[in-house]
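Just the one chain here, the form predicted alone, laid out as structure tokens.
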Amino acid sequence: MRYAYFTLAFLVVLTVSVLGFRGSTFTRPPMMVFPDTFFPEMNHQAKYKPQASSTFFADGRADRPLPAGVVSRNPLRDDDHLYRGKTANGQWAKGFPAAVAVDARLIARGRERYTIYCAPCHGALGDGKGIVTQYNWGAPANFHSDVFRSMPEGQIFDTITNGAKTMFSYGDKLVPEDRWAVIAYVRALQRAQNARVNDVEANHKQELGIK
């Protein structure tokens, strides 16, 4: 019984402490549990917070505009088709960038990346029947629908880069070249699932027994 009283007292003190300080403004800085005794000046460094004011600059702003001619910390990327999936006039680009060679090696790379990042949702065949559907995690897109078969490659690239609806961005996981590799593999899946006899080249029809 004694422990019950102790527990109740603790909960009361905790509740009063939490609720009592809600909305309060502290006038003293918080206590530092592990202060830097070797370099005490590092404990409280002068800094500006985003969009804070400053009396040092004439306009009163701490945020400063970029100097003329500044170079981005990222490599310069002038190829909109390769890095944004768009044409020079801002439209979704159709086809693959000139810098990307669509060959067996690219498709193999795309298959590897697709299996890691895409198949759990969209399925090994791209039919939207990945393993997540067994746990009621939404309804992933079926790449064999007319919407995605007719979608420009540039728009697919943008979806991989920035995400769409319930799909998160994969721009931090796949470099641009790998995104194009995934798109090439998706196109291969679409052709495989929607192939026609006329799609087979003449020199291969005999091998397959097609007249």
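None of the values given here were measured: they were computed from a predicted structure. All residue numbers are counted from 1 along the displayed sequence.
The same protein has a further form, the form predicted in complex with a small molecule, not shown here; the description that follows concerns it.
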{"item": "Non-hydrogen atom contact Pro97 with the small molecule in the predicted bound form at 4.5 angstroms", "value": "no"}
{"item": "The small molecule contact at Thr37 in the predicted bound form, heavy atom, 4.5 Å", "value": "no"}
{"item": "Ala181: touches the small molecule in the predicted bound form, heavy atom cutoff 4.5 angstroms", "value": "no"}
{"item": "The small molecule contact in the predicted bound form: Thr166, any heavy atom under 4.5 Å", "value": "yes"}
{"item": "Heavy atom within 4.5 Å of the small molecule in the predicted bound form - the one residue of Val71, Ala104, Ile131, Ala139 that qualifies", "value": "Ala139"}
{"item": "Check all three, Arg149, Tyr185 and Leu189, heavy atom within 4.5 Å of the small molecule in the predicted bound form", "value": "no"}
